[in-house]
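Read the single chain below, which is given as structure tokens and is the form predicted alone.
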Amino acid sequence: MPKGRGIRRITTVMNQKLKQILSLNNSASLISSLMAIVVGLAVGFIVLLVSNPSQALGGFGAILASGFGDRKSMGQVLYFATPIIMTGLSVAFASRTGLFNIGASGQFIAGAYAAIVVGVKCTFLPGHTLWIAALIAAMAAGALWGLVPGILKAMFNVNEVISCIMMNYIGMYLVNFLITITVFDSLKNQTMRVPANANMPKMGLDAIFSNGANVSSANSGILVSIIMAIVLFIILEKTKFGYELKACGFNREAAKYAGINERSSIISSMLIAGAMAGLGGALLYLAGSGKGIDVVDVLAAEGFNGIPVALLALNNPIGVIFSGLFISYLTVGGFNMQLYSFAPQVIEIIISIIIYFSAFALVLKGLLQRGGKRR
């Protein structure tokens, strides 16, 4: 056999094996996540059964059916999913590069504040340029808040978990202070409302997902979050830059030996992660729902909700879209739990159980991969 033909044959076989491995990896990821959801829901039903046997079946049915109960409910699922998809992307992107971004809450609120300030103070901007400027400001603020832990990690090897937690509280208290001297509505103890042209365009989604005059809060923010998920997927899987970031996440010493700038990769990863969380803050508070940032000493829950969204998606940006929609779907279903004599907080218990089992998804994924390779 000619040498050239032999090399081509070997290359073809290697490519086929690589495709099989990637296919096995994707299948194992999907199966492990679905099993975590099924087992989590089953345990959640047991919790309902123990607490109130007579209403358990009706309450569980409400959780599963309320998200599709009517068109407004479906619109609310999209509305609640938008910010947690963005914070999920923030956590997932950092995790793919070997970093645990637990600072999404601080980055989220920093971005939200920047968006509201631009929306309230920059009314001289014409038409739709106001909400575009607000989104850019939110991404910049979130990126800045992610930059600090990135620099501390890259330059001084400070654990990003510790610095991110500190930045969460600094962000919360700083935003509370800045609100009171810039865009404060003292009657409501929260930020002022932005003008109509600072809100995200509805693009007809509020009319589509409505029950007559009872419209939902759905808007184009969900489209922005989906686009950003696709962009991050392309960056990670199809670009040299993404390959370098993932290489540092797998093995920093090996990446450094291969000539990849480890410090630059860490800083870039935290910048992008922070920008995604900041954008999530803008998409929530510029949704036209009348929501403002309350001046309270409580960290933004959306930042922490991004962690289970990323965990359930196994840090896949496309998977984050679906896991964010699923968590939002359960949240909307939980609003009806009082009709069955359950406290609304019971849905948080069920979501926590699903998250707990999704943590075992990585273990299950490894078992499925080893079994597939043996076959």
Partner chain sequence: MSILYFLVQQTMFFSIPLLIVALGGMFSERGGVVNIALEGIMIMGAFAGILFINTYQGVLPGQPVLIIAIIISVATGVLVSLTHAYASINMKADQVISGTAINMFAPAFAIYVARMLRTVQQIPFVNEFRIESVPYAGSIPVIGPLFFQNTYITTYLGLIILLASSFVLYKTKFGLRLRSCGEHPQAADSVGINVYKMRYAGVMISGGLAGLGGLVFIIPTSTNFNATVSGYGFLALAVLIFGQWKPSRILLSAFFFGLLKATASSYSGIEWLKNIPIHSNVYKMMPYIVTLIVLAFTSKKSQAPKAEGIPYDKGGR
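The model shown is predicted, which means the values in this text are computed figures rather than measured ones. Positions refer to the first chain, counted from 1.
The next section is about a form of this same protein that is not shown, the form predicted in complex with its partner chain.
Heavy atoms within 4.5 Å of its partner chain in the predicted bound form belong, among the stretches 168-176, 272-280, 241-249, 118-126, to residues of 168-176. Highlighted residues Met35, Leu187 and Leu330: none comes within 4.5 Å of its partner chain in the predicted bound form, counting any heavy atom. Remark: Ser217 does not count among the residues lining its partner chain in the predicted bound form, judged by a heavy atom distance of 4.5 Å or less. Within this chain, Asn305 lines the site of its partner chain in the predicted bound form, having a heavy atom no more than 4.5 Å away.
Though the partner is left out of this view, Ser54 does not reach within 4.5 Å of its partner chain in the predicted bound form, counting heavy atoms only. Although the partner is absent here, Arg263 lies within 4.5 Å of its partner chain in the predicted bound form, judged by heavy atoms. Among the residues Ser163, Asn199, Gln76, Thr97, the one placing a heavy atom within 4.5 Å of its partner chain in the predicted bound form is Ser163. With the partner removed from view, the residue among Val158, Ile235, Leu147, Ala133 that has a non-hydrogen atom within 4.5 Å of its partner chain in the predicted bound form turns out to be Val158.
No residues of 219-250 lie near its partner chain in the predicted bound form, the criterion being any heavy atom within 4.5 Å.
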